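Just so you know, structure 1 and structure 2 below are the same protein chain in two forms, each on its own as structure tokens.
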Structure 1
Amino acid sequence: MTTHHIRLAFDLMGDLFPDETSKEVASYLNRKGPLPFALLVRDLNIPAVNIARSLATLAIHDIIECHEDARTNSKRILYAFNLKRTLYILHYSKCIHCARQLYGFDGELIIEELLLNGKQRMSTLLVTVYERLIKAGKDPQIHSLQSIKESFKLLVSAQFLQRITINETKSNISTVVEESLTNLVQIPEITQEGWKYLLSSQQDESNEPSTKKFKSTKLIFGDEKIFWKVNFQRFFAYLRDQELIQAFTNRIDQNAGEIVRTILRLTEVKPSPERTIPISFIEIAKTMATAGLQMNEDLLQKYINLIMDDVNNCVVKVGDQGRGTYIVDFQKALSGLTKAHIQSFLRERFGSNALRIYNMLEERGCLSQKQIEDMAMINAKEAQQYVYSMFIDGMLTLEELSKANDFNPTRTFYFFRVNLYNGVLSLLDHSYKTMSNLMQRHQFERERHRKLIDKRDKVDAIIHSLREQNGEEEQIKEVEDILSPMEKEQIQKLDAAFRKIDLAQLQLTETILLLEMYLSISNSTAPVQKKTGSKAVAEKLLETTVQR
């Protein structure tokens, strides 16, 4: 992990956990590694109660991991910071948006509550979501506890929610239950008394919040030891599938995208990180006909052949049963999508000539500096500048082949090669840095115009209150005139800047997710450098080339 990873992780933590104690505890654990509670209290100048409260909050969100000290026979608990899980905060908005698209407003609130609270019991979650729906002005007849429970069941059956239980042997530590698929998607049955209590609280018209009354009751609901959390890997798989469908839609047409969607939908019940299970042509045709997509078998076969001939070759025929069986190779698919991002990055950063050199190296393998100059048809000075710049940036790797064991430069051949894994690492580091800069820029602009934003919010609140009270248009216009024309113009510019930042963050989040998924699935490794100091030499050569 680089400094940009860590910086972005703590920027995200600052948004989700405003208190400085959580950030300070996590930062200390990130520097020192796993530590017991006693050492945290001793080293940090923070009251023990505040540290315990922060550890509990972060542990519920899996940002802090708890495990027994394996080095000693004692049963003391060590606390460790999970940086990878912290970066998942970046994808919260995408997960909520997916739940809204698939399961409506009920599903959106279920996922949002779990993301905000980490882990919850189903009975508590039903009451909380119902209360939020009523506050939002939704019809209680349509959005009842029963309908919320049905949405919860759909999320669990699709494996968007993960079942958690309390391990009896380790008090205060929650661990994921390793059970069969049927048990993982099994919904606990709420007791009859508990369900009656929930329904009565639904019909209760008192002003006391339902969640407060729910916590004060001592009824047994039947799910006291079963908790639920968001299954991020399932959401990431869904987003990966959508990217793949969109890529084929843009590259071929809408029918090709629907065929790929059908193959992925048939295999989503048995997810695999590397490839789908084999699906026959007959199953694809039958499913598409059931979904109402009218396409004869000859045309479908032509489309599948066209998809198989795609440059990424991610849809592969693996058998002849059922008129042919097909799989989707996710590693090849992610590799093709990742290459497109790297090529776009190189074009914007170094220009089209650098992209030509990169594509040539990817096609030819490894080439020397002289070969690159001749084959790319670029003069020596520019070719050296492009090659050294991409090498310093991590997009190219250097292989050294020496005639002797001393690696004397006069008797050593130097070859440049494209390594996609190293390029993805470099691009991901740039993406993390850019995301952190965007977040800090957004915060800077907000603090810089704090007074104007507060004034605008107060004016909007007064106007909203007048319209609810059926106020006259003259009164509303008088309130609107509180803001001068110059302030209104400044607010419009500020809103436009915030929209640009938000759009950039949204696009960058998609890129980061794609790069992270490629790294998690890729088996390639960076070439071993036989001699250190290559980047320093390249930087000196680049300076010499520019000075010429």
Structure 2
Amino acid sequence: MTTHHIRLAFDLMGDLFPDETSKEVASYLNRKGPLPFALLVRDLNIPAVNIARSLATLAIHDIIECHEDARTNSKRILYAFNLKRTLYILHYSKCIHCARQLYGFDGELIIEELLLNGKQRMSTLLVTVYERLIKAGKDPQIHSLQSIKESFKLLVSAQFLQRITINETKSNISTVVEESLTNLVQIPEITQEGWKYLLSSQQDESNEPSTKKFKSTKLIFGDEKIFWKVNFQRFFAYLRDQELIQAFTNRIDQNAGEIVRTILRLTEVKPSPERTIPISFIEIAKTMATAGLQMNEDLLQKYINLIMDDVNNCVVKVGDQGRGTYIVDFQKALSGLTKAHIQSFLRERFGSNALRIYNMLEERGCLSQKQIEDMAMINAKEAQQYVYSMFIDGMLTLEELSKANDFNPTRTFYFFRVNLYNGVLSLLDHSYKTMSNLMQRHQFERERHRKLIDKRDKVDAIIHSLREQNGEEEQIKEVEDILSPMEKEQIQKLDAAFRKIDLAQLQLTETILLLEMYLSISNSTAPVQKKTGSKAVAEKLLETTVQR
């Protein structure tokens, strides 16, 4: 957790919850740790109602977690800020995009609604999604409540949605229970009465919001206690798989990418964070055939042999049953992908020679300055510069090895070493700050050109309404001319810039996601920096000779 990390989290929160209270409450909790409600009211100069409201909202989004105070055994409830969950906001757009690619418009809107509202009942969700679809001018023949429900079912069975029930046995706190696997895929049956009501409101096709009606007439839909939320881990796994497929496509070719996609799709249902379930060659071949890919088994076997040798050997053969059984080792895959990102970063930021030194250090373990200069085949002075600038950026670690324990520089060896974990931390921090910077710039430009943007919005609104009323073309043109050519040009420029920033942000989330997943899955830690004494010297010398 670094300054940039926290900063980005609050920037993101500010975007999603524009009211100042939420941000203030969250940042106070972040500084002070878990606090009861009373203390929050006392310390913050905000009306208790507002605090309660924002706590409730944030709790629905899981950004704030509430639990009973375990220490005092009292019935106090503590509220804690969840920084990690806050950063998931970064990936919202990716998740929505994912849902759209996989499940079309319905899926997209279901996920979007859930992301905006945290947790929802299926019944309310279906209605809102339906209304939004109708509002967006979709054909009600294709997008009915029934079809939305089908999409919902698909999302649930693919575990993109997570089912939770409210447990109200305890008196003062309703705990949220995340259900076991068997229950997870069960969709609540909506009562006949409720379903009829929903259908009737559909047939009305009235554009007026029907949610108001729900509130007045208390209907029972049969899913009052069952809520749904987005299963982020599943989405992340999907996004990670996409990266992996892309990597194989880049390394070998399109076909190899398709084979990996098939393997991952076959194993996606029971995901464990570290590896997939074993999958046999026969199954792969069968699925490939049904997917309509022309490939005979001989060729497939050749491809699989190649795949096993690539991307950090992340596809592993575990047995011979079924003509070869394979698993995908995500730990290897992620570290391979992470390395690729770090290498690309180093190449662009410090130059290809720096990358050479980095890879050399990674391969050889640890080297002294002198050894690096000799082996890298670049000028000694340049090599020094590269090493030091990488060291400053935290990509390399320095090991000091002193003959005596006074660490006298003349009697100390200095070894540089690559530690992937540290490098990832440093790159992640860099990414967070970059993301913050881009958001800041976006915000700044919007503020600066506020007047212009407002004007454009107004003009657009007028034109839109004129079109709806079948206004004259001349009239529309007249309205369009409110904006001077200069302004139009500027707006175009601004739009292009915003698009660029958005795209950069979206791409950056890929890196952040990969690096975070790597950190969560890897078991290495930061290395010991200093060692001293003859024993350490001897160990080091042994290590270097073994590596030679």
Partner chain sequence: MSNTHPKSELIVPSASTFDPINLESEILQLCLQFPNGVSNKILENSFPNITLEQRVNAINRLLALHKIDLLTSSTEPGTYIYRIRDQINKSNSSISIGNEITDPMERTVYQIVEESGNLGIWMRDIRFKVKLSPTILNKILKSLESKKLIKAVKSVHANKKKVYMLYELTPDPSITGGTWYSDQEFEAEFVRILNEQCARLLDERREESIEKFPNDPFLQRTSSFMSSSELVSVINQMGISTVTLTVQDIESILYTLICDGKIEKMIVASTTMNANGTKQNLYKSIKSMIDSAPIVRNPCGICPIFNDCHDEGLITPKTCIYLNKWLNF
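Each residue is numbered by where it sits in the sequence of structure 1, with counting from 1. In this text, rigid core is short for the largest set of C-alphas that superpose within 1.5 Å between two forms. Here the structure is a predicted model, which means the values were calculated and not measured.
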property	result
Label of the structure corresponding to the form predicted on its own	1
Core-superposed C-alpha of Leu420 shifting 2 Å or more between the two structures	no
CA of Leu466, rigid core aligned, shift of 2 Å or more between the two structures	yes
Core-superposed comparison between the two structures, Glu113 Cα displacement 2 Å or beyond	no
Backbone CA shift between the two structures, Glu400, after core fitting (angstrom)	2.5
